[in-house]
Structures are given as C-alpha cells and as structure tokens.
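Below you'll find only one chain, the form predicted alone, shown as structure tokens.
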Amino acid sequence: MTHLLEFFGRLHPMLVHLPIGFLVMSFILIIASHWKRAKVSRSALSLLFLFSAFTATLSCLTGYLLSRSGEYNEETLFWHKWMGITLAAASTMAWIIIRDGKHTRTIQIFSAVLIALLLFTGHWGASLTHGGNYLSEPLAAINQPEVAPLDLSKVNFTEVKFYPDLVRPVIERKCTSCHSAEKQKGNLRLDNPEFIFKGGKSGKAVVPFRKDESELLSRIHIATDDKKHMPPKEKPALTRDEIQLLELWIETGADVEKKFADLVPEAKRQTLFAPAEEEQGIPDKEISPADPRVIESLTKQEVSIAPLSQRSNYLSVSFVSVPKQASALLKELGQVKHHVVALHLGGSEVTDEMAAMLSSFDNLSRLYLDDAIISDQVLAKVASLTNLVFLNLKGTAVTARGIESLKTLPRLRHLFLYQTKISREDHATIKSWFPHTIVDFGDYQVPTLASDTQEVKPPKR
C-alpha cells in the first residue's frame, strides 16, 4: 500500500500543470472580454474554472502524498501546501460565482486573485524542488565571478584543512542542490557533517575509513546512465581529482577539523592525484569508438565506464561497485580490451585466469589492484603489460619476490606497495630495482597533535 501511495504522489509534478493552464486561459479570456470587448461564453468560463478546481484539488491530494516522503524543507512545504489548498478552494469559489451568474466585476477580481495565488504557489513549489534561491541565483551570479574547477596544483596542502577547504567546496558545488536544508532527496542532507554521517534512505553516505561501505562513493562510481548515479546526468559531474579527494578523505577517517597535512604526509601527497594527461600513458595513435553494445551491457551491470579524456576514445573502467563479479565481467570487457587504458579492480579476487586475460589488454597503462586478493604468481603475468605506467598494490598480500618480476616494466612510474607483506628490510632493494619509479611503501611519520588526545573523565556519582 505504501508503494501505491508513493506512485500516486509522484503524479503531482504532472497534474500540477493542468490547473495552471486552465487558470491562465481563464484569465486571458476575462482580460480579452474587458479590454477588447470580445464576447466570451460564460459557460466556457464556467467549464474552465470547473476543470481548474478539479485538477487543483487532485494536485493537492497527490502533493500531500508526495510530501510524506520527508525529503522537503518543512517551512517551504508548509507555504506551498497551504497556498495550493487556498488556490483549489478559490478556484472552486470562482466556478460557483461564474455558474450562478454573478457580476462581471466580481469575476475579474477573483481571476486576479487566482493568478496571484498561482504565482506564489508556483514560487514555493519551485523552491521545494530546486532550492530557495532558484529564481534569484542566476541574477546574483551576473555580478559574481565564475567559480573555477578545483585545481589541486594550486593548493597549499600544508595549510588547508581537509574538510572545510577541500571537501566541503566540492560537496557544495556538486551535491547540495539536491541534498540540503531546502531539499533532501532520499532523506539525505550533505550540507553539514552531522547529516553527512547520519546518511539517508539508502544507508550511510560516509563511513570513516571504509570506502566500500560509503554510499556517497558507490553512487559516484555507478554508470552515468543509471538513475542511481550521482550527480544526475543533467548536473555537472565530479572531476577525477574531486572523486579522488573524496575517496582520500574517507580513507583517512573523514575528519572534519584537521589539516590535510596532519592526515596525509608529504611523501604520499606527491603521488596522490591523477597526473597530467600526457603522463597517463594514453597511446599516441587514436582508436575508433568502442562497441556501444558492449559498453551498454557492462554499464547495466554497474560497471563504471568513461572516456579517459574529452578528446579520446580510450576508456577508464571501474569494477569497484561489483568486485565479486569481476572475473565474469572482465571476460566481457575483453571485447573492447584495446580501448581500456585505466582499469580499477580494487577489492576483487584476481585469479590466474583473470591475470592471463589482463595480459591481452595491450594499451593498459593504469592498473588499480588495491585491496585485491592477489598472489605473486599473478604479478608475473602483470609484468607482460609493457605500457603500464601506474600500478596500485596497496593492501594486498604480495611479497618482494612477486615485485621482482615487475622489473621488466619499462614505463612504470608509480608503484604503490603500502600495507603489503613486503618487509621493511626489502624496501631499499625494491627501490634499486625501479630507479625511475616513485615507489610508495606508506612508511610515513604522522605527528601526534595535542588535539588528537581526549581526556576521559569518570562519570559523576
């Protein structure tokens, strides 16, 4: 029964346009009859006002059902609801006045009142759907400089605070139009840390230290044509750097007060974000677009696929949302293997069979195997990917013996090995194997701050 009521509630945006049309047409006819002395049938006006009253009442009923979702600002909802009810009642009174043949002057006054009610009701409705500054925002932006995309190359990471200076601006630009005090799509607010951690209908938006359990990241990585993808297709998408910034914030505990430098040491900052396009290993030779049928099939299975750049048909593919299905999906991806330049297999179990398939991805330059179940034997097959520039093995069980098999990779420039089974004694040896590669073992020294310590007092008796 709940789902049926929700269905009727969702008819509100469609029904609400009917009384608008009827009332505007009635107003035009009344004005025409006054100024142009045109003859307007009273029965036609009566019929228009009857339809206006009926559809306005239906709009009120469906609007009430829609409001039960709790996704809207209560104050704005209050004004929209009661303006709508008043409009429906006034439309009914106008119909009665017309039907009973009251004085023309009375009809004109009622018509003007209805149009005013219509404007106010529409204003509050637009504020519910798009935010309170829906009308004023474009006008306010005329005298304001355009907000430039996030440029991490210009950020002073030693001074900025992680959440206030980096994460919050991203969320405000890309998320709060649907998840704020004005509107809470999916019962989720993202305009305040308290609400971010509270989550919404679909679960916790952010779970500190756990990327795979954070709904915010899951929705970002879903295929763009999926209705669950966030932001929606009609909204500006997050950039690669913005996504990595959110991922890193959650990985480091989603702290809302500390400086970036207190959470992410300098050694790690040097290799954090995506390199410039020329460093990504994109082949010089262009390639024709990938088979759209393969792309459509994979995206329907929640595989995230996106062009690596606006000027290229090469692809970045992520199985982050479906790690358990990675083996079967990789076989299907093999149909467009020459198009794949970046591949995310984080959290997947990489078998020898999968590694053998990977060896045929001849243009692969960025491979993410963080937190994957992977063996040293698999790395021997990864060593055949001669175009590999970036390899992330963080959180895996690989050892120095497996890493030694990667020495033959001629273009490898970034190698992440923190939280692996590699002993500290092997660090120097491994670095000597890769003289032109940034090898990250994650052995950072993070200073302890006074603010990190809390005094726990015994309860009063």
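Keep in mind it's a predicted model, so treat the numbers as computed, not measured. Numbers for residues come from their place in the sequence shown, where the first is 1.
Unshown form predicted together with ligand HEC; subsequent notes refer to it.
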- request: Name the stretch: of 334-342, 300-308, 202-210, 88-96, exactly one has residues whose heavy atoms fall within 4.5 Å of ligand HEC in the model of the complex.
  value: 202-210
K407, L417 and K431 all contacting ligand HEC in the model of the complex, non-hydrogen atom within 4.5 Å: no
task: Could you work out which of H80, R366, H221, K174 is the residue within 4.5 angstroms of ligand HEC in the model of the complex, going by heavy atoms?
output: K174
message: Which residue, K381, H123, K228, K161, is the contact with ligand HEC in the model of the complex, using a 4.5 Å heavy atom cutoff?
response: K228
task: Using a 4.5 Å heavy atom cut-off, state whether K185 contacts ligand HEC in the model of the complex.
output: yes
message: Can you tell me whether K235 touches ligand HEC? I mean in the model of the complex, with a 4.5 angstroms heavy atom cut-off.
response: yes
- prompt: Using 4.5 Å between non-hydrogen atoms, is D262 touching ligand HEC in the model of the complex?
  reply: no
query: Is there a heavy atom of I295 lying 4.5 Å or less from a heavy atom of ligand HEC in the model of the complex?
result: no
